[in-house]
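There is one chain below, alone, in structure tokens, taken in the form predicted alone.
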Amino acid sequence: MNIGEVAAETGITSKSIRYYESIGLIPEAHRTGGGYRQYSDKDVQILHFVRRARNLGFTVGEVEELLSLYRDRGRASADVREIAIKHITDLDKKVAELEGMRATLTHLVEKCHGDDRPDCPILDDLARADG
């Protein structure tokens, strides 16, 4: 498969595929005599893995760790679980931050009259130095 076909199959842009190759996250594709990238079914499978992991919010570094474990048939599932648990902890922190932002904005919207007056508690809050 060429890069365009792989991009369509995996939902990963050609640019991202080239980037993942350049940083060594995925192996470099085989090249045709004309220099075009050619991907195997195994390459496509790895890119599906990368896409799924990225969609779950894993960083590129975490994906690299997970791929390393995926390739290591002698791995301990505890190592994979540890990465997933750390990621859940990070997600919980982000959720708490987002909930805090939502609560603050909801409070400010409730205080805003939303009429023709120039007074705006939302803008006043954004302009605060301690915010």
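Between two forms, the rigid core is defined as the largest C-alpha subset superposing within 1.5 Å. In case it trips you up, residue 1 is the first one in the sequence shown, and so on. No experiment lies behind these values; they were computed from the predicted model shown.
Only in words, not in the display: the form predicted together with another copy of the chain, which the text now covers.
Among heavy atoms of Gly57, some come within 4.5 Å of another copy of the chain in the predicted complex. Using a 4.5 angstroms limit between non-hydrogen atoms, Ile23 is distant from another copy of the chain in the predicted complex. At least one heavy atom of Arg102 is located within 4.5 Å of another copy of the chain in the predicted complex. At the 4.5 Å threshold, heavy atoms of Asp125 reach another copy of the chain in the predicted complex. Of the residues in 36 to 69, those that come within 4.5 Å of another copy of the chain in the predicted complex through at least one heavy atom are, in sequence order, Gln45, His48, Phe49, Arg51, Arg52, Ala53, Asn55, Leu56, Gly57, Phe58, Leu66, Leu69. With the core held fixed, Leu123 shows a CA shift of 2 Å or greater between the shown form and the other one.
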